[in-house]
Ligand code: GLC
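As C-alpha cells, one chain now follows by itself in the form predicted alone.
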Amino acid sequence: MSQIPSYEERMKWFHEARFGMFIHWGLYAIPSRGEWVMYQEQIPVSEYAELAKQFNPSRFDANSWVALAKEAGMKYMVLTTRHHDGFCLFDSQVSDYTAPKTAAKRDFVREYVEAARAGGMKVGFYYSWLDWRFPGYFDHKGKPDSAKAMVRQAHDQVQELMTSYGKIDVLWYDGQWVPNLEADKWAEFWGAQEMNAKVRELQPHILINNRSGLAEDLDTPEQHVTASEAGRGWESCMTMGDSCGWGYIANNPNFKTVPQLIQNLVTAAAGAGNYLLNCGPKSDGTIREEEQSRLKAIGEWMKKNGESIYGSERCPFGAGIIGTATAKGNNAYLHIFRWPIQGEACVVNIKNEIKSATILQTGRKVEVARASNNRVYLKGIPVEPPHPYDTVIKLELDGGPEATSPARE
C-alpha cells in the first residue's frame, strides 16, 4: 500500500491552479432542459432511458474541450462521469446503462482523460452517489434491497473509476443527500468512510471533496464565492448561466458577464480558494459560443494578470471600495474593479515598505506616496483603466504583506 502524502503535499498543485473547468454532460443534453429534467418532469425511468438510443455525439472532441480550458487559463478539469440519472459516460462493468454499451459505443471518460493528460491538465471525476432509477433511493426504509443495490453500485463504480484510468487528481462527489434521513447519517448510509479509504489506497495523491457526508479535503460552495477558514482547501463551483441548470439548457439568456466571472475568479483567489466554472456542452459534444467567448475573454485577461491568481495567498490588507487584493510571497496585487477617475488610487493599512508598483496589463510603473492615516496613494495612473474589467497593480514589498490597524483621526 502506497503511503498517503500529507494534506499540504496533496493540496500543493490545487493551490497553484486556482481555476478549473467543470463539465456537466450526459443524456440530459438531448432534451436541453438541464441535468435534473428526469426528476423535475417526473419522466419514467424506461422513457428516459430511450435517450441512450439517441446519444451519439457526432462532434464530440475532448481535445477541443481541453484546448478551450487551456485558452481560458484553467489548470484542471472535472467531468461528470455519471450524474443522478445513472447514465455512465465510462465503461462500467456493473451496468449496461453506459455510453460504450448504447448508441455512442464510446468511453467518453477515457477520451477525456487522455486529452486532459496530453494537454497538461489535472484530471477530476465527478460522480453522483444517488441514482434516480433505484426506488430504494426515495424509500430506503420501505425498499432496503433496492437501496443496498444502489450503494453497492456506487462503490463498484467508484472503484472502477479509480482503477481503470490511471492517476486521478480529484474525486468530486455529489448527490449525497438521502430523502427522509438526517444529514449526519448520510455518510453511514453510503459507506463513505470505507469507500474513501479504498479510494485513497488506490489513488494516494487524490483530493476528495466534502460531498460524501464527510469533510475530507475540499469544501465546495455552490453558486457563491465564500472562503473557508485559513488552511482549508475550498473551491467555488458556478454556472455561467442560471443557477438552475448545469447541463445544457437551449434557451438560457441570463448569462453572467465577463466582468462578473473575472471578479468571481479574483474573489476566490483572494480567499486562497479556487473557481470551478461550468460548461454544459450540447448533445453533439460542442460547447456553445456564449460559453466559449466568455472563457476566451477570461483567458486574454489571464495572459497579462495570471501571476496574481496562480498560487495566490490571502492578503491582510485590501483595496477598499475600488476592488480587492491577492498576495504571493513578497508581492501584493491590487485588483481594481472600479477604476478611479482622478489619476490616482488610494489604498490603506499597508505596513510594508513598497519597493515598486507596476500595472501588470501594460508594465507601466506607478508612483507611490504615503499620507496620513495609513493611506498610500498610487499617483500618475491613467485616467482610463488599462483593462476595462480588472486592472491589476503589483506591489513589490520588503517582505510578506503586513497590515496596520485602521487609523481614525
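Note that the structure is predicted; figures quoted are calculated from it, not measured. Sequential numbering from 1, following the sequence displayed.
In what follows, reference is made to the form predicted in complex with alpha-D-glucopyranose, a form of this protein that is not presented.
A.B. asks: Give a yes/no on whether Cys237 approaches alpha-D-glucopyranose to within 4.5 Å in the predicted bound form, heavy atoms considered.
C.D. replies: Contact with alpha-D-glucopyranose, yes.
A.B. asks: May I ask you to check whether Glu222 falls inside a 4.5 Å heavy atom distance of alpha-D-glucopyranose in the predicted bound form?
C.D. replies: Contact with alpha-D-glucopyranose, yes.
A.B. asks: Give a yes/no on whether Phe255 approaches alpha-D-glucopyranose to within 4.5 Å in the predicted bound form, heavy atoms considered.
C.D. replies: Phe255 lies outside the contact set for alpha-D-glucopyranose.
A.B. asks: Can Arg10 be called a contact residue for alpha-D-glucopyranose in the predicted bound form at 4.5 Å between heavy atoms?
C.D. replies: It does not: once alpha-D-glucopyranose is placed as it appears in the predicted bound form, Arg10 has no heavy atom within 4.5 Å of it.
A.B. asks: Only one of these stretches, 299-307, 283-291, 81-89, 139-147, has heavy atoms within 4.5 Å of alpha-D-glucopyranose in the predicted bound form; which one is it?
C.D. replies: In the other structure, the partner sits against 81-89.
A.B. asks: With alpha-D-glucopyranose left out of view, which of Trp172, Trp129, Tyr333, Phe108 would have a heavy atom within 4.5 Å of it in the predicted bound form?
C.D. replies: By the 4.5 Å criterion, the partner-contacting residue is Trp172.
A.B. asks: Can you name the residues of 176-200 that have a heavy atom within 4.5 Å of alpha-D-glucopyranose in the predicted bound form?
C.D. replies: Residue within 4.5 Å: Trp177, and no other.
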